[in-house]
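Presented below, as structure tokens, is a lone chain in the form predicted alone.
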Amino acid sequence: MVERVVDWFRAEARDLPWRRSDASAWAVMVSEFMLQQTPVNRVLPVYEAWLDRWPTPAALAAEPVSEAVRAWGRLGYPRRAQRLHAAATAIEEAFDGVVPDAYEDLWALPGVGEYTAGAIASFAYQKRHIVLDTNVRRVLARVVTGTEFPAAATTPQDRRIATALLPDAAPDAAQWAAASMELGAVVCTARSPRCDDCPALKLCRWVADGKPAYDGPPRRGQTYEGTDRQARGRLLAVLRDTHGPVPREELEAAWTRDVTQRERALASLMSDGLVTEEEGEMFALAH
């Protein structure tokens, strides 16, 4: 399976800037933060602008976190910008401004978990680690276990399967990580898998079993309209587009459909450290 998928990847991989030979470890790290729950087409313009402005961790760490949140734009989940700024600061302070290559050091950085640490180590430094994002786990679930969708979170079984498939040589393991992720992103997709185009088609247990429908726990849908997330986004957009404090009235005008929801959204933004209240009921991005 590994060889087939890697051969397919060499021929079909998308040309993405963080995959190019001149991409720095910092560029890879930025891409991994941005790509969490955000599609590639939305990430690309923000990623390029971000690296133009902050080509190194030191450059980002030198500016206030409010600028990171402002530059994050409409990628969603703005705490990622806050955590990326905190990670850049930690890299500058603890690693002389160089993104560490050790898995344990990466995992210790703010905003970096099991998957992100493995991805940065693999893609930036060609290290041998399992890399399990949702796309990879879906490929393994279908091909190896014959289930349409993986569990909601990474399981010990996921890790066992991924470890068993991991090539011995570090560069090969890194390429397999990228290839399996790409396969899940563009072919073995959640909603419309293109099985006839899949290099693992003849090995896929799910296909061999007749593509049985998922019968596990209910899967969460990605709703947005009318949610607290949308309300937070509207309020944050007002603050992001203004340099300086904003009066409460401007925030009230940004979300009029539900006063209680608006206040809850504002309180959560302040609790997350993204927004601060200043004198006279004025609000601003946290510095």
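Here the rigid core means the biggest group of C-alpha atoms that line up within 1.5 Å when the two forms are laid on top of each other. Don't overthink the numbering: it's just position in the shown sequence, from 1. Worth saying up front: this structure is predicted, and the values here are computed from it rather than measured.
The same protein also has a form predicted together with the DNA, omitted here; what follows describes it.
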Contact assignment for the DNA in the predicted bound form, among 42, 53, 243, 248, heavy atom within 4.5 Å: 42
Of 185, 165, 174, 90, the one that lies within 4.5 Å of the DNA in the predicted bound form (heavy atoms): 185
All of 63, 97 and 287 within 4.5 Å of the DNA in the predicted bound form, heavy atom check: no
Non-hydrogen atom contact residue 270 with the DNA in the predicted bound form at 4.5 angstroms: no
Partner proximity in the predicted bound form: residue 14 to the DNA, non-hydrogen atom cutoff 4.5 Å: yes
Residue contact check: residue 262 to the DNA in the predicted bound form, 4.5 Å heavy atom: no
4.5 Å heavy atom contact, residue 113 to the DNA in the predicted bound form: yes
Options 195 to 203, 135 to 143, 208 to 216, 166 to 174; stretch whose heavy atom lies within 4.5 Å of the DNA in the predicted bound form: 135 to 143
Residues in 180 to 200 close to the DNA in the predicted bound form, defined by a heavy atom within 4.5 Å, in order: 181, 185, 190, 191
Rigid core superposition, residue 264 Cα moves 2 angstroms or more between the shown form and the other one: yes
Residue 228: Cα shift of 2 Å or greater between the shown form and the other one (core-aligned): yes
